[in-house]
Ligand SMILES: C[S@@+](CC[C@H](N)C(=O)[O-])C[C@H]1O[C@@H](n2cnc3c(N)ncnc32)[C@H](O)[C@@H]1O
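The chain that follows stands alone, in the form predicted on its own, written as structure tokens.
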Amino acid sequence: MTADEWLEKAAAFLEERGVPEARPSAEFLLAEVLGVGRATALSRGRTPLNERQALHFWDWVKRRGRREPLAYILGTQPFLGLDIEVTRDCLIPRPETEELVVECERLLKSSAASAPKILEIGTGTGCVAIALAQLLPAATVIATDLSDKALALAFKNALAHNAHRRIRFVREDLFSGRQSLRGWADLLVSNPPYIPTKDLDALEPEVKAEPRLALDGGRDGLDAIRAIVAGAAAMLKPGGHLALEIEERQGPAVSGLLRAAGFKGVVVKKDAQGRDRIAVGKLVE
């Protein structure tokens, strides 16, 4: 069978199983099997797959048909031009988190900090910390996570992008209270768990395949956000910023938490889809 024939068979198989964006999924899997970009793979439609390629491709298609996330099958996810390795131990990087990074870059470039210090809570794959280190070459970054496996992956990703010398990965539960970090950061950033527990079972199968620890925000989705906001002021320099990715319905509640904690200039920003997804506040100088 040619590549085109395998592609048609795979797209139909995935559509029958209700896989979102069935054909693009098949195209990405075919491209990976061929070891080329998606456009190049499509241009080779009349080329037959050899036995090894066909077996490999169909194995991946069956996994996608079971609603395994595409990124877990491929092992990587693009993020602001970076190729980020992903595993089942971490949340898959998403476009809205790219927008969080862009907002953080804007905040720091408009501040007076020439060599900014950045503290990330819940680094996961390390994508946020690595992207900020790349965008802000003078920055120093400390990135924390509860998971040893996530931290190992984050360091591996940082090493792959030559950012490991400017990022320190630390195993910590939100805030340890360590004195050395008090008043240290110009920016505290986090993409915390923010999905209400009651909503988890209704998520798409692909999302439910991701670590529950990275998704479950407690009864109202705000447990981790409350903890971060409560401890942020102690870790930030006067005039420092806190930037959070949030669930689209949480804007008013998170704004209230930020103001109650002493943050000024609180803003909730929309993502490219017009949803409230980024909350920002500035610590009073």
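The structure displayed is predicted, hence computed values, not measured ones. Each residue number is its position in the shown sequence, starting from 1.
There is another form of the same protein, the form predicted together with this ligand; it is not shown, and what comes next is about it.
For the three marked residues, Pro93, Glu120 and Glu172, a heavy atom of each sits within 4.5 Å of this ligand in the model of the complex.
This chain is drawn without this ligand; in the model of the complex, the residue among Val207, Leu213, Leu159, Leu74 with a heavy atom within 4.5 Å of it is Leu213. The partner is absent here, but in the model of the complex a heavy atom of Leu146, alone among Val102, Leu146, Ala152, Ala138, sits within 4.5 Å of this ligand. Proximity of Pro196 to this ligand in the model of the complex falls outside the 4.5 Å heavy atom cutoff. This ligand is not drawn, but in the model of the complex it has a heavy atom within 4.5 Å of Thr97. Contact annotation for Val128: at least one heavy atom lies within 4.5 Å of this ligand in the model of the complex. Though the partner is left out of this view, Gly124 does reach within 4.5 Å of this ligand in the model of the complex, counting heavy atoms only.
The stretch in contact with this ligand in the model of the complex, judged by heavy atoms within 4.5 Å, is 138-146, chosen from 161-169, 138-146, 198-206, 108-116.
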